[in-house]
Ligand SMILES: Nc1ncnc2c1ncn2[C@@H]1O[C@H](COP(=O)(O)OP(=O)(O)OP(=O)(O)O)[C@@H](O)[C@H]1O
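This document opens with one chain alone, in structure tokens, the form predicted on its own.
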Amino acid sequence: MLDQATNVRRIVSEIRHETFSRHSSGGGSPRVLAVTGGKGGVGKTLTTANLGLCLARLGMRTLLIDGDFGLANLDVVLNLRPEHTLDDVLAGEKDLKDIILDGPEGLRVVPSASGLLKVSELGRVQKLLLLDQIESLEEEFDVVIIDTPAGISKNVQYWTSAAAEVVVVTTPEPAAMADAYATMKVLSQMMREERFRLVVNMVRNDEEGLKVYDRIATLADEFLSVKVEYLGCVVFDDAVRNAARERVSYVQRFPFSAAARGMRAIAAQLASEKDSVSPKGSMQFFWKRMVTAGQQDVFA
């Protein structure tokens, strides 16, 4: 047990050293991940919040964006009370940098509006405006995680196109697995996504997580010709529900819980492979030149 703990501390130290070295050299655009899932209730927002916190603890300057216009709740999960949201940015009343909230342990959060149907679907001008605002933050962060809405709407397609990597969250429930596969199908066919990362929530054990991954990856490879990579799983744990009731992340409130251990492992996996990621362009956000590259429908 002592050797294992020593090894974990060594890995964390190496990740922090590499992050510091990158900051000092001023290199690199932020790594951008879109967290999606198809079906609601699979733990997508909790995954975003807890993963972001774990990455921040590894020394990475982390920004979370709540991309669920109209039904936002990332601020609720992190017990934040925004005075202004993305709705104010899209209305031209605020700049994006003016609404960013300071979250726990150095985490930064862009809150979205809740219950405002006028921004539930972005128009072309709003999407371009938002991209301009996001691109202005390029130098300030090492990693950006976008919490997308449930389903496969145009907003989901917009956010996943904005990211270098798409993380799909599912559970062992057949309906959730079917929706995860459907999400991959739509994004591969309409947005030409060729690679997905998978997180399996609410599993009984690691074996069940791997079984869910094998099933989805096999179908995706055979029928969609896309690659699905396994990031890890989070076991079903009362700590998750109890922390949510207290409006705090479970990796903070119950750091020694099985769920927290699973999320830390996922964060460590992502952080350790950061230099191997191939962005979709000169920057990992969705560049305006893609409007004329066969993906105009995202801006419709």
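This is a predicted model, so every value here is computed, not measured. In case it trips you up, residue 1 is the first one in the sequence shown, and so on.
If you look for the form predicted in complex with the ligand, you will not find it shown, but the lines that follow are about it.
Does the 4.5 Å heavy atom contact test between residue 255 and the ligand in the model of the complex come out positive? Contact check for residue 255: no, nothing within 4.5 Å of the ligand in the model of the complex.
Spell out, yes or no, whether the shortest heavy atom distance between residue 30 and the ligand in the model of the complex is within 4.5 Å. Residue-level check for residue 30: no, no contact with the ligand.
Evaluate residue 39 for contact with the ligand in the model of the complex, applying a 4.5 angstroms cut-off between non-hydrogen atoms, and reply yes or no. The answer is yes: residue 39 has a heavy atom within 4.5 Å of the ligand.
Indicate whether the ligand has at least one heavy atom within 4.5 Å of a heavy atom of residue 34 in the model of the complex. Answer no; every heavy atom of residue 34 is more than 4.5 Å from the ligand in the model of the complex.
Taking the partner as it appears in the model of the complex, which of 103 to 111, 158 to 166, 209 to 217, 196 to 204 has residues with heavy atoms within 4.5 Å of the ligand? In the other structure, the partner sits against 196 to 204.
Using heavy atoms only and a 4.5 Å cut-off, decide whether all three of 150, 237 and 240 touch the ligand in the model of the complex. Affirmative, all three are within 4.5 Å.
Could you tell me which one of 63, 46, 231, 53 places a heavy atom within 4.5 Å of the ligand in the model of the complex? The residue from 63, 46, 231, 53 that makes the contact is 46.
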